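Read the single chain below, which is given as structure tokens and is the form predicted on its own.
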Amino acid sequence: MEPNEAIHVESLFSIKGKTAVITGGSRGIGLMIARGFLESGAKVYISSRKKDVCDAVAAELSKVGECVSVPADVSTLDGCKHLAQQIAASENKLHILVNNAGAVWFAPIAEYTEAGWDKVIDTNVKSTFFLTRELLPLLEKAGTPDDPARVINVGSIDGIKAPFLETFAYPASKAAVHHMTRDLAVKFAGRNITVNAIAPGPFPSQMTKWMLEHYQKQIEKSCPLRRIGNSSDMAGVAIYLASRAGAYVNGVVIPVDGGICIS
């Protein structure tokens, strides 16, 4: 775009006609992003481990736009390959990948199990790397210098500042996702693919249900904006990163937390 070229705001933030894959798309933050993308005119594939849930949510979202269920367990390499193969069987290119699938494990350090640790690391970190790798050919076909393909990783403010809850593997995993984002952003830039991360603060989801039931008032008091996040907050930043407006943003981690990280 030349300096004196007109800027059309409506098209600048449009993702109409783009195709997206969202892991963990059947609930929580993934569902917020999926609905926002669909309402903005994108075609969305949602994936989650439970087929019946994934199918039911996709059917409901199809009332908004074109939504397809592709169940898979992305915490395993085989699951990542299966999901990528299913997408490749239907699409010849992929504009947006949202790596959102996540897990958390609560336990005092003396009781923190190896199984819990591995579940969190495999779901949050391993899946992000291997699914991105498996979908790389489709992402490369979609990207152009002016409008790259997008990888959006969902991290957490717990990967930026230490959480007060005993979730030891979780903050470590999200910090890893943040730095992986930076690493892949540099390595993929020449392929016309940007990689960025969203670091959510407290949002309503199955993962945060227990925390909000016990600590919501305390969390809201600690937040400069005095509230937890909502669907529009999450959809908005994801749409920005996926649209032409975010085409020159690469390798950043955006906290979406009402200012908790800086308070």
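Residue positions are given as counts along the sequence shown, with the first one as 1. Everything numeric in this text was worked out from a predicted model, so none of it was measured.
What comes next is about the form predicted together with a small molecule, which is not displayed.
Taken together, the three residues K43, T132 and N196 lack any non-hydrogen atom within 4.5 angstroms of the small molecule in the model of the complex. Taking the partner from the other structure, the small molecule in the model of the complex has no heavy atom within 4.5 Å of any heavy atom of R35.
T181 falls outside the set of residues with a heavy atom inside 4.5 Å of the small molecule in the model of the complex. Mapping the unseen interface onto this chain, V64 falls outside it, with no heavy atom inside 4.5 Å of the small molecule in the model of the complex. When the small molecule is considered in the model of the complex, S75 lines it closely, a heavy atom lying within 4.5 Å. Partner contact region in the model of the complex: 168-176, out of 88-96, 184-192, 168-176, 140-148, criterion any non-hydrogen atom within 4.5 Å of the small molecule.
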